[in-house]
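This document opens with one chain alone, in structure tokens, the form predicted on its own.
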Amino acid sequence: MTLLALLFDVDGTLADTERDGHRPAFNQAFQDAGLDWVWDVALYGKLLAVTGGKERMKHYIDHFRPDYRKPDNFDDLVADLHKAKTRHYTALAAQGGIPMRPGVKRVLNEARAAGLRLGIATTTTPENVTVLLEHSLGSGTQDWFEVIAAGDIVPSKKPAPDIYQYALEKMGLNPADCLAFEDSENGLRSSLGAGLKTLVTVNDYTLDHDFTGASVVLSDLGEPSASNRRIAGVDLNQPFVDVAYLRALHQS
């Protein structure tokens, strides 16, 4: 088996977008619409068990707001709120307010230099991906990725494997030729369901998730000057991730 490509989740994996990006954007959309819905940090952590912003709002009403009476056009309201939330998120990202996680930019640059192919598989909307890459990774960086599989492009979101299967099909790759990068249990279930070996980097919201089946679980990708921490999985005895590490992990 030869490692040919890397497939990346976005939210929580490339950048810590959830707590300081999506959550305040949701809250601003709610406020603009005159709703008394407020998602604090702790509540949002619970809501992240559901993938997809529209699905998350519906889950919130069903499980946390029994007092709320749904209007007849509730689905339209949710869709409109999601569009407004995306506008607020992209404005925040366009200000450069959501930095990449440790090691991400370096690993992407090293992977490109080594001839590895890159793809994205995420449940967030394509607009969110584009603005994050352009303003937090750099101008033109969306072109680094052969495919950006995002949002509602497949009917079933993570933990279903559909989004990874879509990316693999578009890139003409077998799962055995790739590594996936994830940060959550739902994401891992999705990548494993598509037959992908997976590297997990946890964040504050996913520390207690079940990562059974991951090839390795790390605090982050690390830097030569700032070691990461291995939490579980294969020990390759290296304190940061680079292309040699990824190739060894793929073979393990």
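Numbers follow the displayed sequence, beginning with 1. In this text the structure is predicted, and so the values were computed from the model without any measurement.
As for the form predicted together with xylulose-1,5-bisphosphate, it is not shown, yet the points below apply to it.
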Contact check for K197, S215 and Y245 against xylulose-1,5-bisphosphate in the predicted bound form, heavy atom at 4.5 Å: no
State yes or no: in the predicted bound form, is some non-hydrogen atom of G193 no more than 4.5 angstroms from a non-hydrogen atom of xylulose-1,5-bisphosphate? no
Is H82 close to xylulose-1,5-bisphosphate in the predicted bound form, meaning a heavy atom pair under 4.5 Å apart or at it? yes
Do G53 and xylulose-1,5-bisphosphate share at least one heavy atom pair within 4.5 Å in the predicted bound form? yes
Residue-level question: is F30 within 4.5 Å of xylulose-1,5-bisphosphate in the predicted bound form, judged on heavy atoms? no
With the partner removed from view, which of 65 to 73, 207 to 215, 220 to 228, 183 to 191 is the stretch that lies within 4.5 Å of xylulose-1,5-bisphosphate in the predicted bound form, judged by heavy atom distances? 183 to 191
Counting non-hydrogen atoms within 4.5 angstroms of xylulose-1,5-bisphosphate in the predicted bound form, say which of T125, T141, S136, Q165 makes the cut. T125
Residue by residue through 22 to 41, which ones have a non-hydrogen atom no more than 4.5 angstroms from xylulose-1,5-bisphosphate in the predicted bound form? H22, F26
